[in-house]
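Only one chain is given next, in structure tokens, and it is the form predicted alone.
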């Protein structure tokens, strides 16, 4: 199982130090990918935990104030990078075209993108789930080779579920994962969106789930430990 931890815009330098001390005490069999803020990205290297970033520039290194390039992430030993998170699509108005450029920049540096896709509540109610996913996936992968597509990780996060405590039914999740597999049969697919230690017993019944992208839970090592114990047992 892959468990990606998205710290989002949280944890000061000192808080991150304490967080890491708690995180390394957790024993598990899953592959843990830690995605801290850029400021904490180079703070410390943790054995057996893979390093990821939360975002990357769609441009190369150069005169782009405030941007962080894929080559810079590589220099900090980042192996993975979240791309196209719904919060960035909404607040930073990231387009599918920009997300595609970011994915290409990451692959150029040998960094594996974790592409976030998902629908709003309105889109689900209007039976637009497949249309939304198709557009987000095809636009993001249109220039990728088959080998790159196989390495790409997809994180399905229904937007209406993020931070709400409400998750889709297992039947709904299974249907979405099967649909994504039609386009990317060899890609790993993670589930995100209010996954936690209380509902993991239900979620793990979906055999197609290859792992999880965790937001709020990523900041709570003790609850994360419970989540991982339930996931693996």
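Here the structure is a predicted model, which means the values were calculated and not measured. Residue numbers count along the first chain shown, from 1.
There is another form of this protein, the form predicted in complex with a small molecule, and it is not shown here; the text below is about that form.
Go through 24-32, 162-170, 61-69, 179-187 and give me the stretch that gets within 4.5 Å of the small molecule in the predicted complex, heavy atoms only.
Within 4.5 Å of the partner lies stretch 162-170.
Would you check, heavy atoms only and a 4.5 Å threshold, whether residue 209 touches the small molecule in the predicted complex?
Outside the cut-off, so no.
Please check if residue 119 has a heavy atom lying within 4.5 Å of any heavy atom of the small molecule in the predicted complex.
Looking in the predicted complex, residue contacts with the small molecule do not include residue 119, since no heavy atom lies within 4.5 Å.
Contact with the small molecule in the predicted complex for residue 102, defined as at least one heavy atom pair within 4.5 Å: yes or no?
Close contact is absent here: in the predicted complex, residue 102 is far from the small molecule, nothing within 4.5 Å, heavy atoms only.
Give a yes or no for residue 193: in the predicted complex, does one of its heavy atoms lie within 4.5 Å of a heavy atom belonging to the small molecule?
Output for residue 193 is yes: heavy atoms within 4.5 Å of the small molecule.
Under a 4.5 angstroms heavy atom criterion, identify the one residue in 109, 136, 98, 87 near the small molecule in the predicted complex.
Of the listed residues, the single hit is 87.
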